[in-house]
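Each of the two blocks below gives one form of the same protein chain as structure tokens; they are labelled structure 1 and structure 2.
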Structure 1
């Protein structure tokens, strides 16, 4: 590393001293903390992003958001050139860099990283980093810190894209590296035109939602609400109303948003008994999660939740149907056949009834630990891989080889049987691959896909919800002295330590019909989470409570709470 580069780094890092006595960890989805202590971390993530861009010789992204957490928190994460999460191999660098106590230690960690990764670091190579942030008030000054970090690496430039949803930034990094236009209008153009294609392909059906039957969306008072208003202007028939759009002074994630709705199973602020029977949806604070819900007639605050598992089931059903049409009888004449491997990926939080349903559809279901990066990696191994967490994070991945086959098949069908059911099925799948954000789960594109499929099937939200009935479940969290004392295996379904706890959990679970229960250390909070399922709500509650007590006993003092 050249002398000028070292002194630039020493000088700029002295402007961003790390907070004393705080250790940050990259965790499941980047650094997150109270915004007041994050400047130094964001500055250093700027440096790391520049190194990542130099190493890969591609564009990378930095997103400033704390998603569904409270408005005074913030966070930062890196988007890899593929548009996915930062490669897990680089997470330890991120931890070391952010926790370095002095400019000198920071410099030596950067030197080590440059050497180990053989990063071209001669000031000749260039690096480009796209920056985005959500609507948090702290975002602007943190973004400046990221720019400082980037500009302290010679040859690195930052492109500030302003306020974006997390998935928009992921999409743009992906697009940029594919040589496509990476702008917000290009994003909206792609998702809205592929949505229109799906609507045009609905078999002799009503082509648009009847006015009184359009979705009402809770925007979590965040960036997703703002962007949905833009989309509402482009697709005027889509959304009836955006509430908690962030425009009317409501507080971000405060009694609103997908996380709140999914965990508490109650209506978000601004919804109530006037909404009985309507199809409602809720985005989270950075619009990478989506859940649907409806308000039952006998209630003013309780909801019928339609979660990520149901979205996964709806998507799987639709895609399977299109694949069946494509490969059925008359089609066999083609010498251009492809047995597409369709698979789904879930976590232990998936409701057991959803897994049964998916298996009964004949689908291969695999499980991974919690966190998008784990699910995404597994889904990428299928020709079509659909992944969802129950909390509403998820997307569909299409392999390059399947997509090129599909394009070719579509062209072939256009010649021999234009407008046939087979060709329509091919076009539908192509449209889904363009509508869905393959870089990462995206509440806006998932919303469009759900809306298109419900219209295609001519289904109400109730019909959709009846695909299967969720088993009653309960989630608790237990504050413990050291959550790392819990180590799990088998996609978090088995606790290996502390010794003896799994046997105790098994003995408790065996007392309940259809009982299932697991514990895991949270990746985002200092707690151990408990999930329990049983044939009745009382059973699930009681199982969760007993296991929370076991966690208390095995791990020391703390109190359990919902």
Structure 2
């Protein structure tokens, strides 16, 4: 590293001293904390992004958001060249970089990384970083800190794309590295045209009631609400109304949004008895999660929730149907056949009823540890891999080899049987691959896909919700002194340590019809999480409480569950 580069890093880093007594850790959400203590971390993530871009010789992204957290929080994360999350191999380096206490220590860590990763750090190679932020008031100043970090690396250029949803930035990084147009208008054009194609391919016999085919959306008073208003103008017959759009002075994520609706199972602010019978949906603060709900006719504030598990089931059902059409007997005359490997990926938190339903469809269901990075990696191993968490975050991944075959098959069918059911099925799958965000869960693209499939099926939200009945469940947290005392295996469903605790959990679970229970240590706080299911709510509550007491007993926390 040249002396001029070292001097620049020492000088610029002295402007962004780290907060005393604070240690940050890079996780699925990147770094996230109260916005008032994040400037140093965001500055250093700017440096990290520049190094990552130099290493990969590709465009990377930096997104400033705290998603569904309260408005006073903020966060920062890197988007890798694929459009996915930062490589897990770089997470420890991110932690070291952000927690370095002096400019000299920071410089030493950067030098070690440059040497270990063989980063071309000669000032000749260029780095390009796309920047985005959500609508939080703290976002603008944190964005400036990121720019300072990026500009402290010779050859690194920051391109400020302004206010975006998190999935939009992921999409743009992915598109830029594929040589495609990476702008917000290009994003809207791709998802809206793909949606229109799916609508045009709805079977002729399907009765579409326009009054029932419009959805009312809660925008969480965040960036998603703003962007949905843009989409509403492009697709005028899609969204009936956007509430909590961020334009009416509401507070971000305060009694609104997908996270609130999914966890509390109550109507968000701005919804009530006037919405009985309507199809409603909620985005989260940065629009990477989506859940649907309907307001029941009683006076309670409770809702009928349609969560990520139900969305996964709807998508799986539709895609399986299109694959079946493509492989019908008459289609086998082609010499261009491809047995697509369709798989579904869930975590242990997926409701057991959803897993049973998917298996009844004949689908392969794989489980991974909690966390999008695990789900995404496993889904990418299929020709078509679908993953969703119950919180409404997920997507559908299509392999390059399958898409190449599908394009060829569609061209072949266009020549010999244009307009046939097989060709329509091929076109639907191609449209889904362009509509759904291949980089990350995207509430806007998922909303369009749900709406297109419901119209295709001629289903109401109630019909969709009746695919299966969720098993009653309960989640608890138990405070412990050392959460690392719990070690799990089998996608976090079996506790290996402390010795004997799994046998005790199994014995307790066996007492309840359709009982299922597991424990796992939190990744961010000193608690052990307990998840329980049973055939009744009373049973699920009782099982969760009993296992929480076992955790307390085996770990000696001396603390009650909550």
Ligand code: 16G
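Each form is matched to the other, and the largest set of C-alpha atoms that superpose within 1.5 Å is called the rigid core. Note that the structure is a prediction, hence the values are computed from the model and not measured. Residue numbers count along the first chain shown, from 1.
- In this comparison, the chain shown as structure 2 is the form predicted alone.
- After superposition on the rigid core, displacement of the C-alpha of residue 545 between structure 1 and structure 2 amounts to 2 Å or more.
- With the core held fixed between structure 1 and structure 2, residue 58 has its Cα displaced by under 2 Å.
- With the core held fixed, the Cα of residue 38 is displaced between structure 1 and structure 2 by less than 2 Å.
- Relative to the superposed rigid core, residue 500 shifts its CA by 3.9 Å between structure 1 and structure 2.
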